[in-house]
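The form predicted alone is given below as one chain in C-alpha cells.
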C-alpha cells in the first residue's frame, strides 16, 4: 500500500519540482517571492488546452498506451512559448517599474495582485468548469508489486527527470546559464564584468515560465485543468523551494519530491484535507534543524 502512495507522491512531486525551479530562479536572480508564479502554471495548462483543442480534429492516434498523441507534444512547446510571453509581459507592465524603486515588499504585493488578476482572467476566458486534455480512460498497470501507474504518470516522471538534466546542462555548460548563475551570486559583480543583466532577467522569466507551463500541463494531464490549480499549488511550490533551500535549483527538485511524497503518504494516516498541512510541518521541522534548507548555502 505504501508503495502506491510513494508512486503517486513522485508523480505529484515531479510537477511541484518543475514549478518550484522557476520560483527559486526568480527569487535567486530577481530577489523577490513571486506569488504570481502559480498563475503561470494555470495559464500554461490552459494555453496547452487551446493547442490540444485546435488539433483535436487531426488524425494521428495516440502514442502507444498514452492518452495523447503528437498534438499534446506540440501543445507543450506552444504553451511554454506563450507562457514565457505572458511572463515577460507581466514583468514589463508590473515588475520592471517596481524594480527601479528597489522596494522588495512592493514587488511581493504586486505579484500577489497579479496572481489574482491572472486567475480571474482565466475564469473570464475559459470559464470555471474543469477541463481535460483527453476523454479516454486509462487503466493503471502494475509496474512493481503493489504499485500501479498509468502510462501518462510514467511519462510525467520521465520527462520531468529529462528536463531537470537538461536544465542542469544549460546552467553549467552554456554561456547564458553561467551568466545566470553569476548574476544570482553577485549582481553588482556581474554588471562590472560586462554581463547583460537585463538579458539574464528576460531569460530567467522565459526558463521559469516554460517550466511552469510544463508543470501546469503535467498537472492537467494527471489530474484536471482548473482555474484554481495554480493558486492551490503555489503554497506547495513555496514549501518545496524553502525546504530544498531557497535559491537552489537542485534543492527545489528535492524539495518538490519530498513535498509531493509527504502529501500523498499522509493520506494513509489522516484526512486528505490536511495534506498541505503535513507538507508545511515537514518544512518547518527541516528549517528548525537547518534554516537554509536541505541544499541551501550558509551565508
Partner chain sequence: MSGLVSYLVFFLILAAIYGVVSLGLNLQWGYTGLFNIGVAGFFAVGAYTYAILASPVTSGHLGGFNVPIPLSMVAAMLVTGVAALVIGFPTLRLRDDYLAIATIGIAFSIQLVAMNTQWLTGGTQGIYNIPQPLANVFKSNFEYNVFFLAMVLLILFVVYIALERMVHSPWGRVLMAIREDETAASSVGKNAFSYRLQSFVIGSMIMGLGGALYACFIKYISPQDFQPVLTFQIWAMLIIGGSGNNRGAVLGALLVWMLWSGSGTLVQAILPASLQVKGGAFQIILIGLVLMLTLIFKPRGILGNRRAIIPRAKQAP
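In this text, rigid core is short for the largest set of C-alphas that superpose within 1.5 Å between two forms. The structure presented is a predicted model; accordingly, all values stated were derived computationally and were not measured. Residue numbers count along the first chain shown, from 1.
Omitted here: the form predicted in complex with the partner chain. The next part is about that form.
Asker: Looking in the predicted complex, any heavy atom of residue 273 within 4.5 Å of the partner chain?
Answerer: Heavy-atom contact with the partner chain at 4.5 Å: present for residue 273.
Asker: Residue 193 versus the partner chain, in the predicted complex: is there a non-hydrogen atom within 4.5 Å?
Answerer: Residue 193 lies outside the contact set for the partner chain.
Asker: Report whether the minimum heavy atom distance between residue 250 and the partner chain in the predicted complex is within 4.5 Å.
Answerer: No - in the predicted complex, heavy atoms of residue 250 and the partner chain never come within 4.5 Å of each other.
Asker: Within 4.5 Å, heavy atoms only: does residue 52 come near the partner chain in the predicted complex?
Answerer: Judged by the heavy-atom cut-off of 4.5 Å, residue 52 is well away from the partner chain in the predicted complex.
Asker: Let me test this: is every residue among 32, 105 and 123 within 4.5 Å of the partner chain in the predicted complex, going by heavy atom positions?
Answerer: Every residue of the spot touches the partner chain in the predicted complex.
Asker: Just one of 207-215, 152-160, 72-80, 180-188 has residues with a heavy atom within 4.5 Å of the partner chain in the predicted complex, so point it out.
Answerer: Among the listed stretches, the partner-contacting one is 180-188.
Asker: Pick from 197, 167, 223, 88: which residue has any heavy atom within 4.5 angstroms of the partner chain in the predicted complex?
Answerer: None of the others qualify; the residue that does is 197.
Asker: Since exactly one of 140, 176, 98, 147 fits, which has a heavy atom within 4.5 Å of the partner chain in the predicted complex?
Answerer: Only one listed residue qualifies here, and that residue is 98.
Asker: Would you give me the residues of 219-239 that have any heavy atom within 4.5 Å of the partner chain in the predicted complex, in order from first to last?
Answerer: The stretch touches the partner through 231, 232, 235, 238.
Asker: Superposing on the rigid core, is the Cα displacement of residue 283 between the shown form and the other one 2 Å or more?
Answerer: Yes; that C-alpha moves by at least 2 Å between the shown form and the other one.
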